[in-house]
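Just one chain follows, in the form predicted on its own, and it is written as structure tokens.
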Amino acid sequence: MRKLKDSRRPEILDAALAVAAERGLDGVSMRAVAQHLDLTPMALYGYFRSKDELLDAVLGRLLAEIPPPPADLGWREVVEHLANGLRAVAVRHPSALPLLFTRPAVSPAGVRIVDMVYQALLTAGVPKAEVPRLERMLSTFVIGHVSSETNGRFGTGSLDSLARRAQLPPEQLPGLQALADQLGAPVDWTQEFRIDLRDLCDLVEHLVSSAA
């Protein structure tokens, strides 16, 4: 396998993020990134063998922005630190966020983050057989929440709560009718994210106590 160059890798990854911000993630291609840098597409193949390899590296570049947690944090604080770090990355790079759903964490930065969550769960006393599953549960919550918050799923959309309920007869929407006085209230997404993460950590502690 031929050896790839690395002298301009950071510049290429920055260009890929810039293209994603301008055109969306679907607009990221070897040709588009090369044009952004005034290079030929073939020049990029000296750094990345394929578009998939480029996208994996872009994801690694995003995850590398999450600072490592201080050494004196407890396991809950480590999980919160990493989760908040990922949320901050999502705010900075919303166009590239779908990479978290579509690409495995194969970069050194991604592997390190997964390992830090593994260590946190082991420190919490989670049985080894349950650690990978709980890491997936926590990461899926964090990725799903920040994506919904950043890309609009949690937004009001084109219809407010009252207009949504008006589309169907009240008897067909008993849940929405019961919560009518709650659904129009503003939401503090930072607070909700913190509380949801706390509740998931409580579930982890419950599993530990049940397994003891």
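Owing to the predicted nature of the structure, the values given are computational and were not obtained by experimental measurement. Numbers for residues come from their place in the sequence shown, where the first is 1.
Absent from the display: the form predicted together with another copy of the chain. The rest refers to it.
- Per the 4.5 Å heavy atom criterion, another copy of the chain in the model of the complex is contacted by stretch 171 to 179, the sole one of 28 to 36, 42 to 50, 61 to 69, 171 to 179.
- Using a 4.5 Å cut-off to another copy of the chain in the model of the complex, each of Asp115, Ala166 and Val187 places a heavy atom inside that distance.
- At the 4.5 Å threshold, heavy atoms of Phe141 reach another copy of the chain in the model of the complex.
- Heavy atoms of Leu100 reach within 4.5 Å of another copy of the chain in the model of the complex, making it an interface residue.
- Contact annotation for Asp199: at least one heavy atom lies within 4.5 Å of another copy of the chain in the model of the complex.
- When contacts are judged by a 4.5 Å heavy atom cut-off, Arg92 does not count as touching another copy of the chain in the model of the complex.
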